[in-house]
Each structure stands twice: as structure tokens, then as C-alpha cells.
Ligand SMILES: Cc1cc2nc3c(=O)[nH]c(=O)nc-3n(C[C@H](O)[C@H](O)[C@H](O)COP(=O)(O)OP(=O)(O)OC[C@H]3O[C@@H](n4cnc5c(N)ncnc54)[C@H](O)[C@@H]3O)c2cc1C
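Below you will find one chain, with nothing else, as C-alpha cells; this is the form predicted alone, and questions on how it binds or moves follow later.
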Amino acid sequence: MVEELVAAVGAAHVVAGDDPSVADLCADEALGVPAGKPAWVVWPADRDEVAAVVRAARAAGMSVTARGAGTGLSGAATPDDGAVLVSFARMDRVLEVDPVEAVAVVQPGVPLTVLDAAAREHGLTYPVHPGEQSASLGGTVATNAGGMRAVRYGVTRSHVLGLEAVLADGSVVRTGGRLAKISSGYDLTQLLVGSEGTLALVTEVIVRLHPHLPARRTVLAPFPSADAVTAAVGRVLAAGLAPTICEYLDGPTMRAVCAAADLSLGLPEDLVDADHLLVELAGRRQERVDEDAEELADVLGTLGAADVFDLPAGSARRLVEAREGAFWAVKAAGADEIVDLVVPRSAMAAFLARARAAGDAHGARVLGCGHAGDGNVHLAVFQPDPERLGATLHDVFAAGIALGGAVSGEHGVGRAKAHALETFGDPAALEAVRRIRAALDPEGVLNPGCAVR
């Protein structure tokens, strides 16, 4: 086995899984998923090396787990004990930016910051911004990552036009292309997006790019309740203002993210603990964005905002960055679990209330913020007792499902939520997914134990 891996990627790029130098590669950022113990860690340089590694692992009866930057929050990049862990760190090139077609061709190990910088050279942008910009493109494709700008641009699958991928038998497939639309049979591209390395290992991605919008305005509006924030979001979107960011932060979360960023917004003390709506507008011309910002302030004022604060550009940028880094703030504060759950936008306030009630019932503290524009809620749960924590999480997921939600909005399922999906997912749909998985990977080589089990 070792000889085959060395032949595939070179001796310098094969390391035993128990070597201390690879300890940090054996888990992602999921709080409740312990690190795995892979047999080997390998770093392929291209598609053919990935295919050779997969064939070698399959012949040896070993599983394979793909890893990007390891910033995920679902445990999808955590390998099984005895697995081959495939790091895409060497496959980190932007192969092409095509400004005419407004697409980029990218290897999976490229950090999002690098991809966006390459696009900016052509007046374009890659708009997917999850909480950690060091995330790799391949990892975000695997988990269908979203972020704060999904309210305007959608999640990762909205931007993936084509893929090159290695299947469980080592064969290579290409899907989609540089096409604005396609209706040629089953959409294998979208089947692989969000599959968390359970159907194939992605080795190349064609992504859609968008015009960079230089003009921006950001407002912060405190409201008396989460219900008022939810009602305001619907009105803002119905007004056609097309915000790039539309975020909900409760008082404790606002305090936490500002403290983590050492940021003072100068809010009156009686408004700091309110329920806040953060809205960013963007466009090509500043005068048009300014007009929209005035309309937005009027809308928010009529809907009960205690005030509407027009944030200076520097403060706005720091607050947005702090909100994107909220995970690190709650992790530093000792959170025991992070929950990513999505409900209909109008049900967000009701879900938050039920989630906090579930925490109270089990002696847990539940804090929340979320992408108010699309109903994606992020909760930090503080409860060190494993039994009480498990009961809290069960009730939180049950509350979301009862309101028409799903167990994950943008972090994927991974190992962290595989049990929740099994418990709350539609049985017939889950069985259909298992049949697809078995058809593409009958021997269970790719990331077993992840997502649908």
C-alpha cells in the first residue's frame, strides 16, 4: 500500500497518520467531532495522482477522506480511523480567469481569498463568503457553503458551472462546462456539490464570477424583538433593495462579536442589548446606493426600529468581519456546540424562541445570530454535560423541523449532524440518497460515516 501511494504522489508527499506533523490535519473545526486517526496522509498534485490514490486505497480495502483547508464545522473532513486522508493543499492554482465568459477554472485547494483576488484583476468577484475566508474552494463545494452574502448571490451551488472529479473506482468524470445553461440529462454537477466527498473527489471547478460592486452603505437597526426583525426583513426584500448582507444579531451576540474585534460602535447603552438587523447595500454607483440607503432607513423606521445607524465604512467593515468570525468568538467563550439550521425566513423568530426554551429546559445557554435574509440560524450552545447537551440539540433540531426547516443550511451534515439527519430527515428521501451513494460507491470507499449513513 505504501509503495503504491509513494508511486502515485512521491515519497515526500506520503506521511503516516500517527506522525505528529499531521495531527492538525486529522479534524476540522467541528466542536463535537473528535479527530480521526488516518493510516496515511497524502498530498496529490493533480487529477491523475488523486485517481491513483483512490485506486490504491480501494484495492487495499481502505476508505478515503478529502480535506481542503479544514475550516468546516460539520466534521466532513475528519477521516475514519485507518483511512487515507487526501489533502488538496498542493492543488492550489487558479488555472484561468475568463472575463468574457465571466468564469474561473480553479483547483480545489485554492483559498477563497486567492480566487477573489484573481477575479478582481478583471473587475469581477467570487461572491461566496463563508465565515472563514481561508476556506478552500473544494471544501466549500463539498459542503455547499454559504455565508452572509447568500441573501443576494446564493450559496456555492449557485456558482458552480462544471466539475472534474474522481469517482470511487478511480475513474474521472467531467460535468457541465462554461455554459450559462444546460439541460442535457441528469445534473451531475449539482449532485456532487454538497456531497461532502461521499460520491467523488473534486479535482477542478468551473465557477461563475460576478461584477465587483465598489459602492457600499451599511446600516444597523436595533429592534425591540426578533419578531420585529423578521417582519422587517421581508419588507426590505419586497422593496427590491437587494441587500448583499441582511443579518440578525441578538444583544449578547452583538456584545460578543464587538468585544472580539475590540470594536465600539457608539450605540446608546440601552440599545446594545436590542435585537439588531445589519444590512449592507452595494452597487456600481454611489449615488444610487445612497438613494437606496435612504429608502432603507425609511422602511426600517416605519417598521419599528428604535433608530437607524449609518455606519462609517471602517466600522461597517470591522463589524461585518467580526460577524463573519462569530464562530471564533463563541469558541473562545467556551461554546460546547455550534448549530447551523435553516427555517423559513418568516419562522426565524419563532425558532429562536423555541431554541432558547429548549436550552432553558436542559440547563443550557443558547445564543443566536443568523442570516436573516434566508432563514439560516447559527446557534452557540453552552452545556458541558454530554447528556444534557445531546438532549438540547435534539430539541433544537426538532423545533426547527417542526417549523418547516432542515438540519443544515450551509455547513453541511458531515459527521456532526449525520444522526440528526437520520432522525429528522424524510425516510424515503434518505433511502433514495443511500441508493445513489451505493450506485456510485458500492464498496463504501469515500468518506463512510459522513452525511447519510
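Counting begins at 1, following the sequence as shown. Since the model is a prediction, treat every value here as computed from it, not as a measurement.
What comes next is about the form predicted together with this ligand, which does not appear here.
**Student:** Any idea which of 53-61, 28-36, 381-389, 397-405 reaches within 4.5 Å of this ligand in the predicted bound form, heavy atoms considered?
**Tutor:** Checking each option against the 4.5 Å cut-off leaves 28-36.
**Student:** Between V233, V202, A355, L341, only one gets a heavy atom within 4.5 angstroms of this ligand in the predicted bound form; which residue is that?
**Tutor:** None of the other options qualify; the answer is V202.
**Student:** Could you check which residue among F223, Y153, F327, F309 gets a heavy atom within 4.5 Å of this ligand in the predicted bound form?
**Tutor:** That would be F327.
**Student:** Are any of the heavy atoms in Y126 no more than 4.5 Å from a heavy atom of this ligand in the predicted bound form?
**Tutor:** Y126: no, not in contact with this ligand in the predicted bound form.
**Student:** Is it the case that T71, even though its partner is missing from this view, gets within 4.5 Å of this ligand in the predicted bound form, heavy atoms only?
**Tutor:** T71: contacts this ligand in the predicted bound form.
**Student:** Can you tell me whether E337 touches this ligand? I mean in the predicted bound form, with a 4.5 angstroms heavy atom cut-off.
**Tutor:** No, no contact at 4.5 Å.
**Student:** Is there a heavy atom of P108 no more than 4.5 Å from a heavy atom of this ligand in the predicted bound form?
**Tutor:** Close contact exists here: in the predicted bound form, P108 approaches this ligand to within 4.5 Å, heavy atoms only.
**Student:** What residues of 136-150, in sequence order, lie within 4.5 Å of this ligand in the predicted bound form by heavy atom?
**Tutor:** If the 4.5 Å heavy-atom criterion is applied to this ligand in the predicted bound form, 136-150 yields S136, G138, G139, T140, A142, T143, A145, G146, G147.
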